[in-house]
Structures are given as C-alpha cells and as structure tokens.
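Single chain ahead, written as structure tokens, the form predicted on its own.
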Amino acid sequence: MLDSKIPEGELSQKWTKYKSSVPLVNPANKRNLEVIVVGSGLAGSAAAASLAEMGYKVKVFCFQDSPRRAHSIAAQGGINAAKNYQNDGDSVYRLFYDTIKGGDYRAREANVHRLSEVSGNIIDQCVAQGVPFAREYGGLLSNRSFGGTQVQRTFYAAGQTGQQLLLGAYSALSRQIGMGAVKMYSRHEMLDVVVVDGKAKGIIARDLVTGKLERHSGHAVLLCSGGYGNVFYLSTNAMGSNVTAAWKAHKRGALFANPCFTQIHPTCIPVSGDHQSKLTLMSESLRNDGRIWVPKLKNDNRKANEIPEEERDYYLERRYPAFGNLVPRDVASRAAKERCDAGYGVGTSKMAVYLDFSFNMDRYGRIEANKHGLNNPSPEEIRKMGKEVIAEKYGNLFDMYKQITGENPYEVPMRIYPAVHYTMGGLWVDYNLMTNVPGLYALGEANFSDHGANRLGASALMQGLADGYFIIPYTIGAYLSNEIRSAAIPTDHAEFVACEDHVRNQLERLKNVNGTKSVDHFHKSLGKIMWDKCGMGRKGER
C-alpha cells in the first residue's frame, strides 16, 4: 500500500501545521548523519547547501565537471511566484489552481498548494543571493506573462533565468564546500542504489575520469537528477541528462508515477538534419511579444516578408481570443502540428511556423517615439527604437537564434516547432518527497508530484528550488529522527559488495557485446518510436 502521508486538515493549513509538528533532529545529532545528494542542478545544489547549513554531513555527486553546467541553466524564461506585484488579482490560490489545471489535474493537490505557498520565499531568497532579476524603471522586480495564465507572475533575468538562479544556488553550495560541510564529487555518475534491510543506505558511483567504481554510504539518498525527456532522443535536454539515477532506483523498487506525462514545448528551433542530437529551446517568454502565424495558402513557398498581412493566419489569436499567443503549451504545440500536418508549414522542411516580432517592434517604437516627443518619426526610426526595446528584453535569445540558423530575427520572423522539453512523470513520492523505498528521496523533475506538466510554463525552476531550499530541510527530519541511533553502514557490508558486483558485471557485459551498431543508433531508434507513437498525438493502440 502506498501512503502519501498528506497531513490532515484544510488544504491551506496543511503545510503550516506540518511544520509545527514534524519530528526534528537536534543540532548535535545532525553532525552524525550523512546525506547523499545525486545531482547538482537547482534542486540538488539548493538541497545540499540547505542541509549542510543545518549541520548535516553532505556528499554531492555531479555528472558534469561543475554544478554550473547542470541542465537547469536551459530554463530561460522565468520562475513563477504569487506575489501579485502587478496588482492583477494573483494569489496563492490562483497559482495553485493554475498549476493543478496546468498538470491536467494529475499533480497532488497538497504538494502543489505547498509549492504555491513557498513560491514568494524563493524570490526573496534568490534576491538576497544577488540573482539579477529584471526590474522596472523604479527598481521594483518586473513580471511578465507566460502561457497558461491570465496574470503576470513570472520573474525573470532576461532569457537566462535558469542560469542566474543556478549561479545563486551554486554560490550557496560553494560556501558549504569551502567550509568542509559538503564533499563534492565531480564527474561521477550514480549507477545503483544500495538497499539494506529495505532502506536506501548508499550508492554505487562511477568516476567518469578513471572509470573506477566507488561505494558511498549515507543515512539517506536524495535523487535530484532531472527527468527522462531524452528517451525521445531529440529533445531540448542535454545529452548528459540520461535519467540513469531514477531508472536504477526504479529497478530497486522505487515506483514511477505519471510516466506518460511529457511536456512538449511549442517554441523550439526546428530540426535541421540527422546530425543533431538535441534541439534548442527558444524561451516561451518570446510569445509575449511574438505573434504566431502561417500562410493562408497551402504549400506557400514565398519568404515570410513577401506574404502580405491579409494572407497571414494568426491561428492562435483566431481560435483562442482570450489567451491568443499565450495559450497553454500543449494547446500551442498541438495547434502548430495540426497546421503543419495540414500543409501550412513553413521553411524547407515545412515543419515549422512563424514567430513574428515586427508588429510589437513597431508598437514599442511608436511608444518610445512618443516618450521622446518625436513628431512624425520615419518607419526606420520607429523600427530602430522598437528593436532596442526588444533587444533589452530578449537580446541573448535573438543572438542565439541567429548563431544557430544564420537568420536575423530582428528582420525576419523566427521559425519554431514543438519539441520534447520537460517531464511531469517521475518517481512516486509522498508528502515528504520520499519514494516508496524508505530513505530514498526524489526532488525536482525527478519526482512526479508538482510539475506544471504539459501546460503551464515557469514551474520547473519553482519546484526545483522549493524542494531544495524550503521543503526537504523540514521533511527529511521525519525520517532521519528515527535513524539517529543507526550507525552508518560500512561500505564493506555484503549488500554494498553485491551491488558493486552487479554494476561491474553489467558494465562488462555491455563492453563485451562486440556489436556492429553504436549506442546512438539504438537511442535514435528508440527516440523515433517514442516521438511517432507517444509524442504529441497519441492513440492507445500505438
């Protein structure tokens, strides 16, 4: 039987009451407890820094050469928080409702309400760390809109919000490493979970530089290793985001939940050939000022700027006037695929739609001209001033698009198409973020419980930091308070030896296959099956 351990009482009071009654570990005992953190992105760095600050001994395992290279940096557009700075009617409940609805009602309500409650704390924490959030002229933090909502609640740092938030978490982690409270293992990959008497007591890791297998013991194991989007091969995920940690945990008994729930992002640069191993995300924030359209004529081979306004179909504005270009991600993605499948796609592949900034560039230009008291400015002057406004908001994204495609998006519309981006499915966890394997936790995208899933943007950064900074520091006490008398399991224990032997035998078997095809061949074949049969459009028999 699965026990979600959701506290009793009103939804809005569950987290408050929980914090007041959860078992605690006193400071002296924390020094005797060791926590293993697998993954050093937003969730992992935040959790490791917070737990070390509290007094626990922490080991962190990083797949990359530095936590700064975690895939969290790829989240560009922003992070949600219910601060109602725009005075447009936002609230904790509205963020909770939008996130639940955005997850197609498959997320756990108690977890999501807690996430909404702590969302404002995340912004305060990150501002205190020096994260350079965008600000209004008067110095107040700026907000922008994101798909799936009708309020402005998304805090951002140009088009590199994930990177800036990660640098804040990395700074906190580096401080603890410098103090000796955290031991960092870079270029290490977790290859198995060691379970002793039904509890997670350590991991088998591989040094990716030497190839050596290592045993590491701990009182609890936190998996902060991201999602499984790379099962589709072509996705916005880095190739290093390989879901090994969560999969090995699953093989040791940790259950998966909502594994079919994959977020398809509508705003990606279209694939250009078989040479690609990943796709590039263009932030959803671009849909604030970009208008999405296709030609009204099928198989129209004219260049975008040659197609007059009356022959353009702004299909999202036409179909969904209440949201327009800011419809939820799944709606925008399906609509783009439908238009392309119907013969209205653009570009050489015809598997793309236009994201056009010319209208709002002119609008911003006219606003700026009025500010400067210009009478009858020329179209060139208007476009120049509008370009400066757009560049201030999205400049690094426009530069990235130009480098990849060779096209200048200030002069011609971007071409975009949906791609796999994020996963709602993951390891099942209870209210404490613990899997059904005692002592084994899953945070951030590695778990299933809170994600905005197919629909809502700016949720990923919110959950990763909430889990690491504000939730696991409380909830881990519920388990570790009962582990105080348990000595650390020595790494020469029979279960550690057996687990390492299992990993070594599997590696040897793979190395000795002497096959004729590369790993990428099978990965690519799997990805095509997944995209064709279980991508945006799904039918049971497929």
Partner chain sequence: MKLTLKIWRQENSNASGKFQTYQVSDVSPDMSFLEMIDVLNEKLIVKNEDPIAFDHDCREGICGMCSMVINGRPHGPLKGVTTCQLHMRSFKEGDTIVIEPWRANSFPVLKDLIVDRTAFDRVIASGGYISVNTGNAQDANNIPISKIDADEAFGSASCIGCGACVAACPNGSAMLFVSAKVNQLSKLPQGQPERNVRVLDMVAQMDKEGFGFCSNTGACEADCPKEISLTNIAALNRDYLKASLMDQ
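None of these values were measured; they are calculated from a predicted model. Positions refer to the first chain, counted from 1. So that the term is clear: the rigid core is the largest set of C-alpha atoms that superpose within 1.5 Å between two forms.
One more form of this protein, predicted together with the partner chain, exists but is not displayed; see below.
Student: Looking at heavy atoms inside 4.5 Å, which stretch does the partner chain contact in the predicted complex, given the options 352 to 360, 403 to 411, 378 to 386, 220 to 228?
Tutor: Of the options given, it is 403 to 411.
Student: Pick from A304, A181, I123, V437: which residue has any heavy atom within 4.5 angstroms of the partner chain in the predicted complex?
Tutor: Of the candidates A304, A181, I123, V437, I123 is the one lying within 4.5 Å of the partner chain in the predicted complex.
Student: Given that the partner chain is left out here, which of S91, N370, Q150, Q129 has a heavy atom within 4.5 Å of it in the predicted complex?
Tutor: Contact with the partner chain in the predicted complex is made by Q129 alone.
Student: Taking A157, Q160 and Y170 as the candidate spot, are all three within 4.5 angstroms of the partner chain in the predicted complex by heavy atoms?
Tutor: Heavy-atom distance to the partner chain in the predicted complex: all three under 4.5 Å.
Student: Indicate whether the partner chain has at least one heavy atom within 4.5 Å of a heavy atom of S518 in the predicted complex.
Tutor: Contact with the partner chain, yes.
Student: Should T280 be counted as a contact of the partner chain in the predicted complex, where contact means heavy atoms within 4.5 Å?
Tutor: Because a heavy atom of T280 falls inside 4.5 Å of the partner chain in the predicted complex, the answer is yes.
Student: Answer yes if any heavy atom of E109 is within 4.5 Å of a heavy atom of the partner chain in the predicted complex; otherwise answer no.
Tutor: No.
Student: Please run the contact check for Y469 against the partner chain in the predicted complex: heavy atoms, 4.5 angstroms, yes or no?
Tutor: Yes.
Student: Just give me the residues of 188 to 222, first to last, that have a heavy atom within 4.5 Å of the partner chain in the predicted complex.
Tutor: Counting only heavy atoms within 4.5 Å of the partner chain in the predicted complex, the single contacting residue of 188 to 222 is V209.
Student: Taking 2 Å as the cut-off, check whether the CA of G395 shifts that much or more between the shown form and the other one after a rigid core fit.
Tutor: Yes.
Student: Please state whether E407 has a C-alpha shift of 2 Å or more between the shown form and the other one, with the rigid core used for the fit.
Tutor: After core superposition, the C-alpha of E407 moves 2 Å or more between the shown form and the other one.
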